[in-house]
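Only one chain is included here, represented as structure tokens and corresponding to the form predicted alone.
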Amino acid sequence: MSIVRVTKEVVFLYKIILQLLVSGIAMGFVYGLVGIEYTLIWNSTGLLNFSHERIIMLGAYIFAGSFVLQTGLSVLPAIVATIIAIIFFAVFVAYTIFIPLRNMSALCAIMSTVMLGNIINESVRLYYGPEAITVKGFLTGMIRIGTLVVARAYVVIIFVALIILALLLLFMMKTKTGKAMRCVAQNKNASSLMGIDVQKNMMITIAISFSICSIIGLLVIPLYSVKQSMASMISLKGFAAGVIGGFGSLPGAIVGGLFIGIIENIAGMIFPSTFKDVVAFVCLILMLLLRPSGILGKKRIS
């Protein structure tokens, strides 16, 4: 009798660990995608985008508030329309903020992206109102994989994140524009001398970055609903993921995100849930103390 009870407890614990692992990987991919957004703009313009939290939120509001609820579009057309709208917005922001500010002081650039975030936040509040928006039936429910039962949203997040990473890798490695983006990330002046249109390249990079933000906003709707604070913690942990993985490294952002996602879920099983959000920042501090270059970052020789 005791052996049967112990066996059942072991199986139950095994299922819990698997569920925590799946949810940790899913959230790790979310943090990693945020880290990629940081990295793309940093490599392209040399600026840090402190408004990406609001862009994630804006994508969710445009999808849910404008296309699904107001115009009555179905999910797939609404997703495509949202990404297109965000890309147009990204082109406008690129030519009015990021490109003009790339040669100015770091303080001007930082304050401009912070103010952009505030403008987006207040515009959303005035247009959509302060109340949270829900999209009924969007990525809700559970999926059974053998004996494992996980939320549908986590499975979709992992699947979509893998597709984005594969497409981004193919784009960067196989296309002429992607290769030009890598050249600009290495040396903007040399790229310009070699005939690369640096400003156009920056615009494309920012458009890709903003579109990734909009997709993140859609993926986390079933987890956080559509509200102005929905991406606050995601953005901070995404920045931590970028630093832990090695700031400026696209693979590093994913590695850092997965590291944080899995560790915080395991810690949530050991410690009270109120301490779960602390784990990412403890890991960030430890990484800065022990290995400032990050997991995949290159050490600088002074």
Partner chain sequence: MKRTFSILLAMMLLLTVLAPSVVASEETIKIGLLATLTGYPLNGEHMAKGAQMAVDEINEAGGILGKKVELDIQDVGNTTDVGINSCNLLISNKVVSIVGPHYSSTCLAIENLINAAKIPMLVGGTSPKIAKIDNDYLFRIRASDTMQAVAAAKYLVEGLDAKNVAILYGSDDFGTGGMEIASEHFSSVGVDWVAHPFNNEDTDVTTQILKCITSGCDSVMIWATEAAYPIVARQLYELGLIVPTITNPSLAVDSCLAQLEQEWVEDWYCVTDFLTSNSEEKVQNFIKAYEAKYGTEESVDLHCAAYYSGVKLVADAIERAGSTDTDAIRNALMETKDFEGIIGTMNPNENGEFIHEIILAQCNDLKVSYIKTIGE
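Between two forms, the rigid core is defined as the largest C-alpha subset superposing within 1.5 Å. The shown structure was predicted, so the numbers you read here are calculated from the model rather than taken from an experiment. Positions refer to the first chain, counted from 1.
Omitted here: the form predicted together with the partner chain. The next part is about that form.
Exactly one listed residue, out of Leu162, Leu169, Val80, Val149, brings a non-hydrogen atom to within 4.5 Å of the partner chain in the predicted bound form: Val149.
The stretch in contact with the partner chain in the predicted bound form, judged by heavy atoms within 4.5 Å, is 136 to 144, chosen from 204 to 212, 70 to 78, 136 to 144, 83 to 91. Remark: Ile254 does not count among the residues lining the partner chain in the predicted bound form, judged by a heavy atom distance of 4.5 Å or less. Contact between Leu250 and the partner chain in the predicted bound form is not found at the 4.5 Å heavy atom cutoff. Not displayed here, the partner chain is kept clear of Leu40 by more than 4.5 Å at the level of heavy atoms in the predicted bound form. With a 4.5 Å cutoff on heavy atoms, Ile234 counts as touching the partner chain in the predicted bound form.
Along 64 to 82, a non-hydrogen atom within 4.5 Å of the partner chain in the predicted bound form is carried by no residue at all. Superposed on the core, the two forms barely differ at Gln70: its CA moves less than 2 Å between this form and the one not shown.
Put the two forms on the same core and the Cα of Ala267 is off by 2 Å or more between this form and the one not shown.
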